[in-house]
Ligand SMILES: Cc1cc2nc3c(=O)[nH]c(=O)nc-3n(C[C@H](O)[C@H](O)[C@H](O)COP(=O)(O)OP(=O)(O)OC[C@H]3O[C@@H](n4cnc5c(N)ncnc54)[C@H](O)[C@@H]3O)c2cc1C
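Only one chain is included here, represented as structure tokens and corresponding to the form predicted alone.
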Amino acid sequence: MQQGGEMQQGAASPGERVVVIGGGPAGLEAAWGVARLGCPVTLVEWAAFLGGTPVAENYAALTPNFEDAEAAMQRMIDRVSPHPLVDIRLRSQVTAFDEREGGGFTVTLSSAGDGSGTSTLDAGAVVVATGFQHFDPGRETQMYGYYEYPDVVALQDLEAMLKDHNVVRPSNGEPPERICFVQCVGSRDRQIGNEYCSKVCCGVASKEAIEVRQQLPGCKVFIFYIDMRMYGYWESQIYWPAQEQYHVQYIKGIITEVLPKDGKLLVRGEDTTMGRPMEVPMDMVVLSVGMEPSLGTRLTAQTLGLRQNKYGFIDAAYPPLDTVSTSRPGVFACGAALGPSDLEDSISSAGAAAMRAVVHVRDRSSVTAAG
């Protein structure tokens, strides 16, 4: 690897390079896959570090296996960074993208933020791995008071507390005695336009609930849900253990508002199983916020001329049997850039995108050589 500059490619021609945009889990996996297949790859990341959202948001542990998130991301970084076919460009973003005569692309990179300093790359294929951003719960007309009441936090806020082993009420620094999760904040909501399920929120809430009980055995933990959506093996990995081993209480209900009362938070809603209103006092409320396309996903799609779905995620061109090709030949996407995705699916799609990108490059090279 030659960081921040032109890489040594040996016998490879410039058009054989694959550019991977995004240095999170999917981007790291895609870059690793391309390099392992013997193709030069440039990994472009707008931040000053690799690892993506798990690093940026200080995740404590991965869902569903509870592996230390920082250690897991570092393991991915450590295998990519020293690879001789990998060129890493931090604090960089793609600002122009043009098709070259004879095939392939010219990719223009600029310094992230101020745009000072530009460089161009010749690429035979591109993989977009620009990920997601957490839904801003302030958009829910503050019915949950995220920006009003300090003891209302989001999943990623609690992750950082769990990582530091310091789960306390932000208002007074004391450990909570009662904490609840509110599911589907920013997902399955037609009024705000996010009609989709974000896939991971039920599992992440269950994982975090277990961690809260591990760190604060005396804390009572509740999860208010519309439907619990535990797909694959998550039901046996985290859903049942949360109830049976850690006594997390799952309540089917709809939360309509959160209000301060007597130094606590009053959570109002309806217990839909019993068909009656409920009011319960809590020390902390955790909003299980969903996924939205990141700003990087939106900007990259526009720059590369990729079709987006109505939610802003990159549209896969030929689902369900080809989930990584985009509307532009030679450009592939993976992970949460395509839509809500857990880490397992993100890594799988990154491997598929890497393979398809290398095949595209080599097929084009074969045609060129034959001509």
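So that there is no doubt, residue numbering starts at 1 and follows the sequence shown. No experiment lies behind these values; they were computed from the predicted model shown.
The following text describes the form predicted in complex with this ligand, which does not appear among the structures shown.
Student: Honest question, do 206, 246 and 253 all end up within 4.5 Å of this ligand in the predicted bound form by heavy atom distance?
Tutor: None of them does, since no heavy atom lies within 4.5 Å of the partner.
Student: In the predicted bound form, which of 311 to 319, 324 to 332, 47 to 55, 32 to 40 comes within 4.5 Å of this ligand (heavy atoms)?
Tutor: It is the stretch 47 to 55.
Student: Which pick from 149, 105, 222, 234 sits with a heavy atom within 4.5 Å of this ligand in the predicted bound form?
Tutor: Exactly one residue meets the criterion: 234.
Student: Residue 21: heavy atom within 4.5 Å of this ligand in the predicted bound form?
Tutor: Heavy-atom contact with this ligand at 4.5 Å: present for residue 21.
Student: At the 4.5 Å heavy atom threshold, is residue 87 in contact with this ligand in the predicted bound form?
Tutor: No - in the predicted bound form, heavy atoms of residue 87 and this ligand never come within 4.5 Å of each other.
Student: Although the partner isn't part of this model, could you tell me whether residue 134 comes within 4.5 Å of this ligand in the predicted bound form, counting any heavy atom of the residue?
Tutor: Yes - in the predicted bound form, heavy atoms of residue 134 and this ligand come within 4.5 Å of each other.
Student: Taking heavy atoms only, is residue 111 within 4.5 angstroms of this ligand in the predicted bound form?
Tutor: So residue 111 does not count as contacting this ligand.
Student: Within 4.5 Å of this ligand in the predicted bound form, counting any non-hydrogen atom, which residues from 25 to 42 show up?
Tutor: Residues within 4.5 Å: 25, 26, 27.
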